[in-house]
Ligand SMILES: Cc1ncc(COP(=O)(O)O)c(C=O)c1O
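Shown below, as C-alpha cells, is a lone chain in the form predicted alone; questions about how it binds or moves come after it.
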C-alpha cells in the first residue's frame, strides 16, 4: 500500500494513503481507548499542547487558568502567552519538595472563574508521576476543561484516556520509538475547540494541512513495541551505584512514584552543562533540564519550582534509559561521572 498520495485526493494513490491513515487512526484510538474521531494528528506534543490551549482559551471569557509550575515549556509559555493576550489570569501551583503536585492544593485553586486547567501526567525532567486522576475528576465535577500532557506517560504507564476523562490529552510518537515530528491530541467528545489551522479542512476542520501519513503509520506501528518496564532495574542500579561512589549526590523524586527510565540528580560543586559536555565527549548522551529547551543556560524550572536552590539546579543532570540499555551501561556511566568529576576538581585545584 502506497503512502505517497494525498489522503484527501480521490484518485487511487490518495485512496491508498487514506486507508493507511484511517487504519493508523483506528489502531492508535484502540490503544488509547478513545473514539477515532477524537484524535487530531499534529507535528508533535508541543503543537498538540498549543492547539488545546489556544483552542480552549480563545473561546472562553476572561477568567482564571490553573497550571502546575512544572509543566513542559510548550504548556507554560503557551498559557502565559494567551493569558496575556486574551485577558486571563494565570495561577501557577508549585509542587511539594518531593516533586509531586498536591492534588488538594491544586484543586483548591479551581473556582467558578476558572476557564482551564493544565496538569501533566509525568514530568519530563524528573519522571515523577502526578496525581492526575483526582485533579481531572475535580475539573469534570466543576465543568472546567483540563489538558493533560501525556507525552512522558506513553509507553511507560497504562494509558486509558476514556477512563481518565480529561478534555484534552497530548502525546508524541518519538517517545515510543516512532518518527519525530508526529503527535496527536485526543479531544473528549463534545468539548469545544477553536480551529487551530485553516486551509483544506483536514482533521475534521480542526487542523488543516496534509497529514503526515508515513509518520502517523509509524506512530501506530510503534505502539507497544518498546518495553520500558525493565528499565527500572537499570535506572535503580544506576542510582545505587551513583550513591555508593558519590554519597553527596541528590536524586530527585527517589521516593516518589516515577516512570521507570528517568533519573534526575545533582552533583554538588559541578556545573551540569560542563558535565553534560564531558559525558558527550565520552559517548554518553544525557540532558540538563528539558531536552526541548536545548541551548538555554537557565537552571531547571522544575527543580526551582520544587524549592531547589539555583546553584544545585545548575548542577543537575537528567538521564533517560532506553529499552536497549543494560546495567553494564549504567555502571559505565557512573564510572565516567566519577572520572570526570575527579578530573574537573583536579583542574580547578580542589
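Positions refer to the first chain, counted from 1. Everything numeric in this text was worked out from a predicted model, so none of it was measured.
Heads up, the form predicted in complex with the named molecule isn't pictured, but that's what we're talking about next.
In the model of the complex, the named molecule lies farther than 4.5 Å from every heavy atom of residue 300. Using a 4.5 Å cutoff between non-hydrogen atoms, residue 172 counts as a contact of the named molecule in the model of the complex.
Looking at residue 46, you'd find a heavy atom of it within 4.5 angstroms of the named molecule in the model of the complex. In the model of the complex, the named molecule sits beyond 4.5 Å of every heavy atom of residue 266. 74 is the sole member of 114, 262, 74, 130 with a non-hydrogen atom lying within 4.5 angstroms of the named molecule in the model of the complex.
Shown without its partner, this chain lists 216, 164, 151, 139 as candidates; in the model of the complex, only 151 has a non-hydrogen atom within 4.5 angstroms of the named molecule. Stretch 66 to 74 is the answer when you ask which of 51 to 59, 66 to 74, 306 to 314, 22 to 30 has residues with heavy atoms within 4.5 Å of the named molecule in the model of the complex.
Contacts to the named molecule in the model of the complex (heavy atom within 4.5 Å) from stretch 12 to 43: none.
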